[in-house]
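Just one chain follows, in the form predicted on its own, and it is written as structure tokens.
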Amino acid sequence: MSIDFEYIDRLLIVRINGDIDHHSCEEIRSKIDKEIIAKNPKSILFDMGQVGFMDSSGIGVLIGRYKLIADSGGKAGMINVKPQIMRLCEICGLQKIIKIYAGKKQAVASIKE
């Protein structure tokens, strides 16, 4: 599991490579929180293209990071969501909280406005 960060202005793009489950969630949470504290992004975009599996712990990680950003008026989104992850998002209603975009360009345009 690894995490890469990219910025477009004050939009933090988080690229997660690996599963988001109870084994990896603490490390993921810690790395993203450190980045948020250090750089103070306005909004966050999760690139899920390399995530093959996510469980309820992963949902908690995403919602927690969303709350950190939303508390300061920012937005959150997800891109490159695979069908199995999309199904989980639909079942738990995550897409009502964190918008899922068709692609990076659309997400960046929508989140940055």
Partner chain sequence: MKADNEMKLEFLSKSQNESFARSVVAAFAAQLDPTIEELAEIKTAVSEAVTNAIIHGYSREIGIVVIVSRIISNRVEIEVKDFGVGISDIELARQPLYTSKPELERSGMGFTVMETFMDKVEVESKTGEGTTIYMTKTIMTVR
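Positions refer to the first chain, counted from 1. Remember, predicted model here, so these are calculated numbers, not experimental data.
One more form of this protein, predicted together with the partner chain, exists but is not displayed; see below.
Requested in this report: Select from the listed residues Val81, Ile32, Leu88, Ile69 the one whose heavy atoms reach within 4.5 Å of the partner chain in the predicted bound form.
Outcome: Of the listed residues, the single hit is Leu88.
Query raised in the report: Quick one: is Gly49 in contact with the partner chain in the predicted bound form, heavy atoms, 4.5 Å cut-off?
Result: No - in the predicted bound form, heavy atoms of Gly49 and the partner chain never come within 4.5 Å of each other.
Report task. State yes or no: in the predicted bound form, is some non-hydrogen atom of Leu45 no more than 4.5 angstroms from a non-hydrogen atom of the partner chain? Result -> Taking the distances in the predicted bound form, the answer for Leu45 is no, it never comes within 4.5 Å of the partner chain.
Query raised in the report: With the cut-off set at 4.5 Å between non-hydrogen atoms, does Ile59 touch the partner chain in the predicted bound form?
Result: It does: once the partner chain is placed as it appears in the predicted bound form, Ile59 has a heavy atom within 4.5 Å of it.
**Report entry** Interface membership of Asp55, the partner chain in the predicted bound form, 4.5 Å heavy atom rule
**Finding:** Asp55: contacts the partner chain in the predicted bound form.
Query raised in the report: Among Glu6, Arg10 and Ile100, does every residue place a heavy atom within 4.5 Å of the partner chain in the predicted bound form?
Result: No, none of the three is in contact.
Report task. For the heavy atom contacts within 4.5 Å of the partner chain in the predicted bound form, list the residues of 19-34 involved, in sequence order. Result -> Contacts from 19-34: Asp19, Asp21, His22, His23, Arg29.
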